[in-house]
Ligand code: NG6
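Take a look at this single chain, the form predicted on its own, given in structure tokens.
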């Protein structure tokens, strides 16, 4: 009898501890700028995202770690800045798995804590080794670094192939119609955006002119896999359907869902019911679609009575871009909408607009609604969520992830980061914000073909420039000549952050 009572007590303790661990949903938008949603001053109504902001903490200094997708996603999952590992630039269609098995990751940490873990949406971190086997097992992949389930857009939607990957295999694969993905045109008569440009339903402006799928030409070549292919218009509905099904199946245990939307990345093709809903063209329509996705996920939490048991984080993988390879009128129809808000630059840059994005946390009944100026970053999720769930992170892992849990939860007096490092796609350009000061280091000055704003300013001639963000949020006036001692201090700090190989303090 005593042993039974002891067992029951232990079970009750385990159950009580489980009840203290919230579900965690990270919703990562793609190419969404600080000023793209209405609660941050945007012109497109985003009621679902605005609701999160009203019910949680809306950060005014929330950052991703890089101004392009692959490095930010790498850092989010590993807690380490992407520039520290080779091969973390924008992953190509046939790129191998960038995060290797055995790496400490955010999902692996939460899995140790008893969480069910899933990634649904855009992956773009490579699959397989040394390359993806599109007709067999795609291993290693998400299931080898801590995820229990994966339902993926394997690269980006402007890169081939346009197929879903479920766990380790291409969904709806037909062995009689094998999938081939390559870097060279498979035959002289293979249709491309150059040879069959007149047939396209969305024309390209630069690049993006190889294999045609769904009337849109992409980066890279592929053939076969006909039954496995999807329509761009159906992506958002698929992510929501898959996420709702998975949450329902795991509602009785703590879960971690990484919902990685493709919106508003090019090619911007919203479902027909969202097309024409804004005056901004396809880019604006995809913002509306993204907001719908957020609303549907929140409806599911409400229906399952999980809203007060779930920490929801909304963020973006980098800042905005207008013309990113397709003629979708993003520039022409912009009007007075400011995708990056008051900030300079956007995707591909180390200016504030490249990495300062919408960033909201909500945990109904636990987080008090507020607006916070504390600096937080997506690279901090690994260590912060480890603290939330009582897990220990090895000293050699998650080398740049700081525990800012109290700031994420909006606790009074809680402090975020005292600095944040900003990188682009690995060119050697960096930004360092420390308090009110921002140092920009430009090693390479080639402007991307992509347009990130309506009126772009030329790059400064000096390698190092300095800005005081409280007086100059748009980084218009270099004040380095007036403050040489601050330039010297921040340059030394940036150099040390790079050469030390880590920024998370050692115990």
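What you see is a predicted model; the values in this text were computed from it and never measured. Residue numbers count along the first chain shown, from 1.
FYI, the form predicted together with this ligand isn't displayed, but the following is about it.
Out of the listed residues 167, 296, 232, 158, 158 is the one that sits within 4.5 Å of this ligand in the predicted bound form by at least one heavy atom. In summary, among the residues 90, 393, 409, 434, the only one with a non-hydrogen atom within 4.5 Å of this ligand in the predicted bound form is 90. This ligand is not drawn, but in the predicted bound form it has no heavy atom within 4.5 Å of residue 276.
Of the heavy atoms in residue 317, some are within 4.5 Å of this ligand in the predicted bound form. Taking the partner from elsewhere, residue 219 is found to have a heavy atom lying within 4.5 Å of this ligand in the predicted bound form. Although the partner is absent from this view, residue 324 contacts this ligand in the predicted bound form, with a non-hydrogen atom inside 4.5 angstroms. Contact check for 208, 266 and 347: all three have a heavy atom within 4.5 Å of this ligand in the predicted bound form. Of the stretches 23-31, 474-482, 48-56, 435-443, only 23-31 has residues with a heavy atom within 4.5 Å of this ligand in the predicted bound form. Along 103-124, a non-hydrogen atom within 4.5 Å of this ligand in the predicted bound form is carried by 122, 124, in order along the sequence.
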